[in-house]
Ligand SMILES: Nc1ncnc2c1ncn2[C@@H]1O[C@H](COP(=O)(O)OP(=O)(O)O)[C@@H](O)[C@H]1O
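Next up is one chain by itself, shown in structure tokens, the form predicted alone.
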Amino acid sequence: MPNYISTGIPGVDELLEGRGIPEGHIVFLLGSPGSGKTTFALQMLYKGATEYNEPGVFITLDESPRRILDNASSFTWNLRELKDEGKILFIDASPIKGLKGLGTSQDKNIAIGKKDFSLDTLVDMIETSVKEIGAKRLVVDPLASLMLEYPKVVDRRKAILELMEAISRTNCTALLVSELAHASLERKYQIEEYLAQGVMVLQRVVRSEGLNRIFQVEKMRGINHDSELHPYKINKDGINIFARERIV
């Protein structure tokens, strides 16, 4: 029987047979700007570290770990304490900056610039970081920063597959965070959605009644899931999905 990873996010597991994400799945978390993608990812790592004794790694391809921690200080989570305790490792792997880590051991500083960016270097950093703290959960945020390195669709698809294969070797349950190309309930599917074992979507959509925050489990292999549209809110405790309410 497969094992499952509880997201720890109110309402999400309820949409996944009350079990959570199948262990080892790589799930794409897609969202429009301001929809709470990074909040969702941090909340899943936080809950894993504090409630399920599952260390996590957060690979950032955009903002610095320090800024991510500053932005998350408005929530009731003490991420800095978890970082200091070695339960969550934050790694800066931006293709356009130095590669630095904020972790339990000596901070990492590997020179890597946009011109000589290597997917192999990113993969090595992921594997090393997961081993360092025995991580069970992994986040890469945002995938769009990596995809800018591959303007051709065929190269982009190959890079995503290589990244997913590397993550699979870690046995982590992973969230790969990416932007929605179009924030709309009627949209074209993106290449990531065809490759992933799971897809979850967060959107801020303006409708006649006002601004709606909408969550959907669009795809999750190996488990029966509710694919209806559900409202959600963000407060000081993070994201809360209203699994028993539907958007029509």
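Each residue number is its position in the shown sequence, starting from 1. Everything quoted here is computed from the prediction, not taken from an experiment.
Unshown form predicted in complex with the ligand; subsequent notes refer to it.
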{"query": "The single option of 38, 190, 216, 197 touching the ligand in the model of the complex, heavy atom within 4.5 Å", "finding": "38"}
{"query": "Heavy atom of residue 210 within 4.5 Å of the ligand in the model of the complex", "finding": "no"}
{"query": "Partner contact for residue 224 in the model of the complex: the ligand, 4.5 angstroms, heavy atom", "finding": "no"}
{"query": "Residue 234 within 4.5 Å of the ligand in the model of the complex, heavy atoms", "finding": "yes"}
{"query": "Interface membership of residue 32, the ligand in the model of the complex, 4.5 Å heavy atom rule", "finding": "yes"}
{"query": "Listed range touching the ligand, judged in the model of the complex by heavy atoms within 4.5 Å, from 74-82, 123-131, 166-174, 153-161", "finding": "74-82"}
